[in-house]
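Take a look at this one chain, the form predicted alone, written out in C-alpha cells.
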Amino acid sequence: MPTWILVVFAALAVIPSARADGIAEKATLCASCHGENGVPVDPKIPVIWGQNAGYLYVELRDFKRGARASEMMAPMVADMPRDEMMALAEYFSKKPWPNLGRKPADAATAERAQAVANSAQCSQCHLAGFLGASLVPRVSDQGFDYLLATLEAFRSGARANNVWMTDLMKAYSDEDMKALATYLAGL
C-alpha cells in the first residue's frame, strides 16, 4: 500500500472531518494528500491550491456520484453535503498556486506538444496559458505524473466524467500525450 494512503487513513483517525467546525479545519484532511503547502505528497495527486472553484466543486460532486472513480476520494465525499463541497472548492481556489519549480519542456517536446494542443484545440477550453476558468481546470504547472495519468485515464475511459476528453484523447499516441504532459507541467 502506498505511503500516502497510510497517511490519509492516519489523518482520518485524527481529524473527524464530518464533525469539524470550519472549512479550514476540514481542509486539513485534504492536505494529507494534496499537501500542507499545496504541493501534493505523491506526483500522481493533483495540485488543488489555486485551482478553479467551479472545477473543484464539479470534481468533488463527480467523486460523490461515482462519475469519477477514486478509491481515495469516494469515501472522503460520500457523506459530504453540497454546501461543504462548494465551501471547500472556494477555500482551495483562494490559495496561491504553489511554486513547484518545474523546468520548461525542451524545444522539440514543446513544439510537439503545441502541435497536439493546437490540433486538439486545447486552448478553446483551457484558455490562454492553460489556466482554465470556472468549470475548466488549470492544467499548466500541474505535475507530469498526474497529467499523464489523467490523459491516459481519459483515453482508456477509466475517467468517464468528460466524454469529450475521452473521445479527444483516443486520437493521440503515447508519445503525443507524454509531450503534452511534459509541456504543461513546465508552464
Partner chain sequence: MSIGNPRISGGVALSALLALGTTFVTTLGVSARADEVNRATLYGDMTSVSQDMLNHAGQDANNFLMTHGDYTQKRYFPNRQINTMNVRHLHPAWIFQTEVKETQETAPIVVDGVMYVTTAFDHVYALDARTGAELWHYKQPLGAITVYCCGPNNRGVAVYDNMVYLATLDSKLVALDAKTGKVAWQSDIADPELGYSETMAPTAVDGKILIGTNGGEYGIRGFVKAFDAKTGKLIWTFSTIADNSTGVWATKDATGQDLHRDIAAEKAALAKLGDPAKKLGGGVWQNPSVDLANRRIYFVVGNPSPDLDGAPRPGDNLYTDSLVSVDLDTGKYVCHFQYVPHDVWDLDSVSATVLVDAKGENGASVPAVLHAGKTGFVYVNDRKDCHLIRFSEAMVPQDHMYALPTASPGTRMLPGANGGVEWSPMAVDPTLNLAYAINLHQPMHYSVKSAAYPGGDKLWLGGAFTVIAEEEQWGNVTAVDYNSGKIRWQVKTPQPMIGGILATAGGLVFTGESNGFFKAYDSQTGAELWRFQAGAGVNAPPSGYSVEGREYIVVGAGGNAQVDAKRGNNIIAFTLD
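All values reported here derive from a predicted model rather than from experimental measurement. Residue numbers count along the first chain shown, from 1.
The discussion below concerns the form predicted in complex with its partner chain, not included here.
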Can you say which of 145-153, 36-44, 22-30, 56-64 gets within 4.5 Å of its partner chain in the predicted bound form, counting heavy atoms only? 56-64
Would you check, heavy atoms only and a 4.5 Å threshold, whether A158 touches its partner chain in the predicted bound form? no
Within a 4.5 Å heavy atom cut-off, is L135 in contact with its partner chain in the predicted bound form? yes
Does D167 reach its partner chain in the predicted bound form if we count a contact as any heavy atom within 4.5 Å? yes
Using 4.5 Å between non-hydrogen atoms, is M86 touching its partner chain in the predicted bound form? yes
For the three residues N118, A128 and V163, which mark the spot I'm curious about, does each lie within 4.5 Å of its partner chain in the predicted bound form through at least one heavy atom? yes
Mind listing which residues of 65-100 have a heavy atom within 4.5 Å of its partner chain in the predicted bound form? R82, M86, E90
